[in-house]
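Given as structure tokens, the chain that follows is alone and in the form predicted on its own.
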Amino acid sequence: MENLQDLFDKIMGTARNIEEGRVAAYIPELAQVDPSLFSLSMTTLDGTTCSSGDQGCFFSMQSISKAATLCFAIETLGRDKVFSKIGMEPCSEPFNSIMKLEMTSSLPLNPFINAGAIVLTGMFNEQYGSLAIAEIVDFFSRLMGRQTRGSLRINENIYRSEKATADRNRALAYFLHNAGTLSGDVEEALDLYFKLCSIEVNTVDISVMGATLASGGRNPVSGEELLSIDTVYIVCGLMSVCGLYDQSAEFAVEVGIPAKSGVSGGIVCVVPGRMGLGVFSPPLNKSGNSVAGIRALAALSRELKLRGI
């Protein structure tokens, strides 16, 4: 792995630039994150991991959790139920937009925008009640190959910060409830949504998650079969067209692999049949995606021919 380690270190040095982008200050707790943090990890399908930078640094999943949540939803609730209330279409609007809901059928366009993820948390509460968070965190732990099941931690400070500043998400949720798309208690659905966004991971964790999808559903670290191939196809397909919000098409052109970003600065990537990647750098562009993270992934895609062509 020595040559690969050299490549990772070189890309990290070239991609790092804290002069570009801004941390997600609209969530007060995220505004306190050190913008110079940068980590890049890879997990191959034999479970081997390579990392560079601040790989021991933990960050909240934010919208990366939506990809893991969708895996759990399809596996436990079934594809038909999930997509009876959520679409599979890309969105040209910001991830927290209300306008599309008002203009269409009140169904969220996809599970990776906030409205879609909140509908899913409502479904989970109906299915599992107060046990929902424990069931989902346990699944996330297995998806990331954690040896101690349920060992992922919710950052309470970030959770409380998101909950206290969530006017837009509350507006989305109550609109969805009024339209009949979100069932059950609105505040309970929101509470679960905030907790999932606040789960702490590092880039090794999300690279293992990516590698699980890349292998067709088998976790390469634990050996556990977690996902059906149909779930993998759906999640990776949606990551390809919706994973980076309204920058998804540009990312597909520049990097060319399925990915899901979060406003903490993390991005998980899937290279089917080869590896999973995780990157973290807090400064974001106007679409809410990591500036240095995208730059690093574009360089890796070129150097390692990740597109498969």
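Note that residue numbering begins at 1 and tracks the sequence as displayed. Since the structure is predicted, the reported quantities are computational estimates derived from the model, not experimental observations.
Not pictured, yet referred to below: the form predicted in complex with glutamine.
Comment: 57-65 is the region of 246-254, 268-276, 39-47, 57-65 lying near glutamine in the predicted bound form, near meaning a non-hydrogen atom within 4.5 Å. Proximity to glutamine in the predicted bound form, defined as a heavy atom within 4.5 Å, singles out one entry of Asn114, Asn155, Thr181, Asn110, which is Asn114. Screening Asn169, Thr231, Ser141, Asn125 for any heavy atom within 4.5 Å of glutamine in the predicted bound form leaves a single hit, Asn169. Glutamine is not drawn, but in the predicted bound form it has a heavy atom within 4.5 Å of Val263. Contact check for Cys197: a non-hydrogen atom falls within 4.5 Å of glutamine in the predicted bound form. Among residues of the shown chain, Ile27 is one whose heavy atoms approach glutamine to within 4.5 Å in the predicted bound form.
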